[in-house]
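For reference, the chain that follows is the form predicted alone, supplied as structure tokens.
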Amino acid sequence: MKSISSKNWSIDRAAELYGIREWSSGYFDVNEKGEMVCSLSFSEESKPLKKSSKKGAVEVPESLLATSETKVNVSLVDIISGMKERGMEMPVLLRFENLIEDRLTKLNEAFGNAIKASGYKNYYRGVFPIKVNQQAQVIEEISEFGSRYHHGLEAGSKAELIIALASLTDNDACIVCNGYKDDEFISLGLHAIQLGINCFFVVETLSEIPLIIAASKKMNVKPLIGVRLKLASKVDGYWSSDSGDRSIFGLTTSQLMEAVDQLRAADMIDCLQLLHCHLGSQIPNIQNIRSGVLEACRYYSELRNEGVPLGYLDLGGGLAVDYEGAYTNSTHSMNYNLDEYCADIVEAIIETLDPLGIEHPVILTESGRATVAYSSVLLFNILDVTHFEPAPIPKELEDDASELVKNMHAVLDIITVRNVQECFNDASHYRDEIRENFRRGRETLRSKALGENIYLAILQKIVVLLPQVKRISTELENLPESLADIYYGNFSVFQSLPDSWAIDQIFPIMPIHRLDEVPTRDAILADLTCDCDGKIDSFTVDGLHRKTLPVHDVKEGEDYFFGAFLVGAYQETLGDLHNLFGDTNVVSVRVNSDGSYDYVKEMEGDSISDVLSYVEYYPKALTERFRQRAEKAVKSGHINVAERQTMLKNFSESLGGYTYFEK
């Protein structure tokens, strides 16, 4: 990667380099001190939203719409200082409650605006898929903040349904039950209906229909039923192979008709009120969404012609997050905004159903990623750095140096812009010969070390000259990446950023301070795990994919903090215990309109004792076994009793300690 000029460096240039204003949707920026800030807008008047008399609709007072806004910026570095004072060390998952509230508001109001602008004759209902982030704090916030919009929950398992039943207090909100269902799952959902909750059973396979019919008759509760379709429409992006005919979930056309016939035979066709389809997660192309909605509406209209009293159309998830800030249809980006997404859905439904005289359905979507991704930031510090730079090389070598090392040394002195490729080829040849001779016992260890050091000096000299070279081979083009620093971060990729490892997800990752300084180094990030996959080497820099990230020199005695952004969706629950690194500390803050902020919740991360118990090691038993081992050492004379006591004390304290690096 070419060096970054310091001539015109500014915080605006820093924001451009790391793409902050592109991927953050306005929620993050850089302040004049070069620190990352969470940026929020507050209305000067704070009037509550009011419900209209019409069930399901939400009105926003005109006075509230007309108010001016005040922008508040809160420094992440200041938040870290407050966390440290409260005993919360790195790494920390930082949640902003305001961002969950704002995302819910924007989603619901964007649909509300699209409905109003197009004359759509029904309303919108959002449901949050619990699987996207099952953490109690998150679900509590969604249930509380979403109640003003009757925002519900989607459950894909019995455990998630229990969460939904215990969390939702608004009977105008919906619970959508996806996934495979047994008798217990169905009974729980029927209890929800008894409580007055709109709880829909979405049929994934035909085998579920007899179970629903039997349970509803046994409990004498009329169910709300939906059917999930396999649409032919395909989507772009990572999940393209799961869409279309090869979709794992849903009914084929023939199975759909059989489901209708079974319900009609059971005199329960009036229970079939919802049509569900899900194109896939993180859909980057708006054309895919529009195509899928149009196809779903054709099924909806045909089922209505069959006499099925549908009233709800659930279009599933897929609303993307622009992790790259590129505004394209690449896998980790999106070529549309929220308003366009909502308008296209509403218009596609009107376009299909109006000519047929079919009433507009209640629109449901299951946006999870776009609701919570922005709200969480993984904060971590850099513990160590490996530089690939040569040690000082003597101007003249000793007479007894090997001929290959002398040849390598000679190359170092003749490198120019015109001969960089030739010098690279020669140096690589000599390096390989030295290694082969070492394997055969013809080169000493010191000689090999000297040769490797000279080779590294040659590569570094070539990298400096590359910007002046007109034609660069692939080998030389990739040379800067192979010489990039390794910055060791206090975190686990597998625990906190599993999608980075599993599906090559690109997250915005960057230093969160010193952004008023020019980054002079290029680096990849390595985590604490003993695994070669425990690294991050894919970034978006200046709008392009890069294998390295521009960073600053780590100063002796000073912390250097990084943030991994947009990690609120999927990462917490998918994380695993590789090397027994557990959950990180979690801090939730709420920003106030005057610029202050409250530490609303603090949760300590897993202790060593916690993670050991997850894999069936029990602290008391471990302590006793270690005590016995120490006692034997006393008897054999290896240690004395005082040393034994110190060991037992340290062992016990370690069990209660944080799994990550502690100062």
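Just so you know, these numbers come straight off a predicted model, no measurement behind them. One-based numbering along the sequence shown.
The form predicted together with a small molecule is left out here; the points below concern that form.
With the partner omitted here, the residue from 325, 368, 223, 250 that has a non-hydrogen atom within 4.5 angstroms of the small molecule in the model of the complex is 368. Comment: the small molecule is not present in this chain, but in the model of the complex one of 487, 560, 570, 539 has a heavy atom within 4.5 Å of it, namely 570.
Between 279-287, 211-219, 426-434, 400-408, the stretch whose residues reach within 4.5 angstroms of the small molecule in the model of the complex through a non-hydrogen atom is 279-287. The small molecule is not drawn, but in the model of the complex it has no heavy atom within 4.5 Å of residue 492.
Though the partner is left out of this view, residue 132 does reach within 4.5 Å of the small molecule in the model of the complex, counting heavy atoms only. In the model of the complex, the small molecule sits within 4.5 Å of a heavy atom belonging to residue 154.
The small molecule in the model of the complex is not approached by residue 451, whose heavy atoms all lie more than 4.5 angstroms from it. Relative to the small molecule in the model of the complex, residues 234, 292 and 329 are all farther than 4.5 Å at every heavy atom.
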